[in-house]
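Before any questions on binding or motion, here is one chain by itself as structure tokens, the form predicted on its own.
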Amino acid sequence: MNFAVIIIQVLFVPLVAPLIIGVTRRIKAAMQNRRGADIFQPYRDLIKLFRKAEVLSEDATTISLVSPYVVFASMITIGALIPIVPFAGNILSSYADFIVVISLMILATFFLALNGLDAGNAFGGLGSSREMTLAALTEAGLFFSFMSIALLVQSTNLITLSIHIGTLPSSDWLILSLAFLAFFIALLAENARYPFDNPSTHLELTMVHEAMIIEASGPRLALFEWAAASKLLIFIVLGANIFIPWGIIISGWQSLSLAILVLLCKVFVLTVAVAMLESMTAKLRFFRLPDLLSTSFMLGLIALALAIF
């Protein structure tokens, strides 16, 4: 049982992440009265990129060679730690602290920004500057959204949070709702989704994430794209099993199958929500984004204050 849980924990994020991107694009295409590609197109795109040759800038250093692997490895490590299958006997549970998860995300963001600067491209520097500005404003709201829940459960362990948060009294649901709103805004910002960024363009005035990987090609670009898809799935799974924690208790093989099914349903609902929001929202000007991120910070702070008092 424990071995099966570990296998699911390690493989779920990298295997399912491209499918989430495909579903998101298909929903957005349907809402725009377009046919769109099928939901498995991201898998074919990754295979195509892995088969292509790489082209490196003459100004690139070791950073450009190492950063794709650091970013991808960080996302895979986080995927193994988050509560995909919140089983208390999981040997990985002792490392599944939300502070560790946020730290690994910051590490990935740091190397992604370095990659944008390393090639000496003006677009890369622009994207890195914007990314670090948004990251500095996003992490506070993300941290407080988890900390308010951690105070209610008296633990910072994600597995413990997901198992026990469903037993909280209804009087704490207001805190849970405020924390989820703060988390959802951080989800959009961290994953370069609307209204923070346009994930499907290379226009200078709109791009943030795409600018940092504009010099990447071949397998390196595939790793960046795969890591970005994995990061979106990680946030969706955290939202599903931390802030919507019902239907996740594991006590046997039948319960394990049911928990996976319930998780997939919740992931699909949150994916649809993200896709619909992107289809109905215009991208904000960059100088208006701090106002929205300040809202995430204030919601997280209010939730934290309510949890304390």
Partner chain sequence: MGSLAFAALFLGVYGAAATRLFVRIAESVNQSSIAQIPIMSFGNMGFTVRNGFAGLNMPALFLLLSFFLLATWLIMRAVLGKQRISKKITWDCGFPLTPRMEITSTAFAYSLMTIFRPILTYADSTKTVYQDPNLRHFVSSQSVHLHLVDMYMKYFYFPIARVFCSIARQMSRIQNGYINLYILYVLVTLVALLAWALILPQS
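Positions refer to the first chain, counted from 1. Quick caveat, the model's predicted, so the values are computed rather than measured.
Below, we turn to the form predicted together with the partner chain, even though it does not appear here.
Heavy atoms of every residue among V10, V55 and F286 are located within 4.5 Å of the partner chain in the model of the complex.
The partner is not drawn, yet in the model of the complex one stretch among 115-123, 167-175, 232-240, 189-197 has residues with heavy atoms inside 4.5 Å of the partner chain: 115-123.
Of the listed positions (V85, V208, L181, I76), a single one reaches within 4.5 angstroms of the partner chain by any non-hydrogen atom in the model of the complex, namely I76. The partner is absent here, but in the model of the complex a heavy atom of L104, alone among I163, A227, L104, A140, sits within 4.5 Å of the partner chain. Shown alone here, L256 lies farther than 4.5 Å from the partner chain in the model of the complex, counting heavy atoms only. A60 belongs to the set of residues with a heavy atom inside 4.5 Å of the partner chain in the model of the complex.
Of the heavy atoms in I27, none are within 4.5 Å of the partner chain in the model of the complex. For T156, a non-hydrogen atom is located within 4.5 Å of the partner chain in the model of the complex, even though that partner is not displayed. Shown without its partner, the chain has G125, L126, S128, S129, M132, T133, A136, L137, M147, A150, L151 in segment 125-152 as residues with a non-hydrogen atom within 4.5 angstroms of the partner chain in the model of the complex.
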